[in-house]
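Take a look at this one chain, the form predicted alone, written out in structure tokens.
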Amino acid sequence: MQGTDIQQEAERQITICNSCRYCEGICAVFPALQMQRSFAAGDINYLANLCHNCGACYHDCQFSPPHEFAVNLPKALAEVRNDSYAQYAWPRALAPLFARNGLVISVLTALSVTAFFIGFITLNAPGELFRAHLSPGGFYALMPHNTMAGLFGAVFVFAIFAMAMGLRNFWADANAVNSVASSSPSIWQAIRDAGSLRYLDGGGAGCFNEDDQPRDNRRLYHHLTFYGFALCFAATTVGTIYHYGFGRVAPYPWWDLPAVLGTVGGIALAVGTWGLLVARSKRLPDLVDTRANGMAVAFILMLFLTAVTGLALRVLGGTAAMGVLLALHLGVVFSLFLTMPYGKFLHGLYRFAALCRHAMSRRHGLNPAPAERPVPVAVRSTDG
């Protein structure tokens, strides 16, 4: 194959794994790599995004460090996976900036937008920033609805388009050499695998994090984060229908559907993201690509702050703190939308695409490699 040094190192380790096959029952990566004998750069990126980084193969592998073969597939694929975000990013010019300074950029963007909104409210509605607004539509006494919808609609559309372009680039590269036929049953299988985080269980033992004992806490935190985010998105969607379809404006009473969805989703999102931040701080360095800490932490932190500021706005929305909380919440959400196409959010999209490709190849695509196992170059080089 031709590719970066990181991709070539991942291919070396994959070749050894393809010869050993001891870990073939752990996750989807090993059956997927056994379907091929050679790997293009797109194949390596596909396998890297198929990996859930549960760490089981690292602890099970007889060739892991300090063995001379130095097989550490979770870390090798993590490095490839994080590089793939920049490789497929659109526009490409923005990717290196976020990769190097992701956390700083996210926080500064959130604070800058918050300051902008505070200034806008102060100029647009003098004296209203620190006054309680109890009537329906109180938010819009501080900032007109059309202004708010226009700003966030624009950045949201940009984020969706940029992520769609990145996903298209990933899919085209993954199928550039070894293409697979699409099918509805395969997509449904991928939805089930992604929704249940099937491959984050280490082949049944559990996910490895801070030591060699398997635990499933990361799986739980991922579930809380994903489904909490989904509920918050549902709350926004229902609120939009209320506003444009029925003329009912926010904020809504606590018992109404947007408020219930947003509150439950916000709590789940706050607990899940906090758990992920704590788990990441304890993670074995051998299992992660430390180069990506900035953007990975930035994305989780922005999700956490989105949930916390949203919940604070729900509780204190009728007090004099509403103006500042609204500006802070909008600043964090704006930063989240702006950085989504260049950070950890992409792993969900690319991983789902990889699960789709894996299900399609198993159903009627690539054929598994024959039973005989080739001796990898890394093994032959140590003989005699």
Partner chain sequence: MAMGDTSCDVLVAGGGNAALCAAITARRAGASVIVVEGASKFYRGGNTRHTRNLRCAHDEGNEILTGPYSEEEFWDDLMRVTGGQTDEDLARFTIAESKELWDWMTGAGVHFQQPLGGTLNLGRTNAFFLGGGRAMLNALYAEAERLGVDIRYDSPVTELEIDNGFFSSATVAGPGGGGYRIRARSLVTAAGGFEANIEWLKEYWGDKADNFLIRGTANNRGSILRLLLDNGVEPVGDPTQCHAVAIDARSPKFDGGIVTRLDCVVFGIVMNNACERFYDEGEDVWPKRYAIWGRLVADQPDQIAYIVFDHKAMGLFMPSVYPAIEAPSLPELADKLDLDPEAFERTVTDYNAAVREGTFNSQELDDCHTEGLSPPKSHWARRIDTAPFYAYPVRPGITFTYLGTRVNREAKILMQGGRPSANIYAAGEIMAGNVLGKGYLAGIGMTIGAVFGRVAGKEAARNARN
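Note that the coordinates shown come from a computational prediction; the quantities given were computed from them, not determined experimentally. Residue numbers count along the first chain shown, from 1.
Same protein, other form: the form predicted in complex with its partner chain, not shown, and the subject of what follows.
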query	finding
Non-hydrogen atom contact residue 213 with its partner chain in the predicted complex at 4.5 angstroms	yes
Heavy atom of residue 63 within 4.5 Å of its partner chain in the predicted complex	yes
Heavy atom of residue 21 within 4.5 Å of its partner chain in the predicted complex	yes
In the predicted complex, residue 360 touching its partner chain (heavy atom, 4.5 Å)	no
Residue among 26, 328, 336, 356 with a heavy atom within 4.5 Å of its partner chain in the predicted complex	26
Proximity to its partner chain in the predicted complex (heavy atom, within 4.5 Å), stretch among 31-39, 319-327, 45-53, 341-349	31-39
Residues in 193-220 close to its partner chain in the predicted complex, defined by a heavy atom within 4.5 Å, in order	202, 203, 204, 205, 212, 213
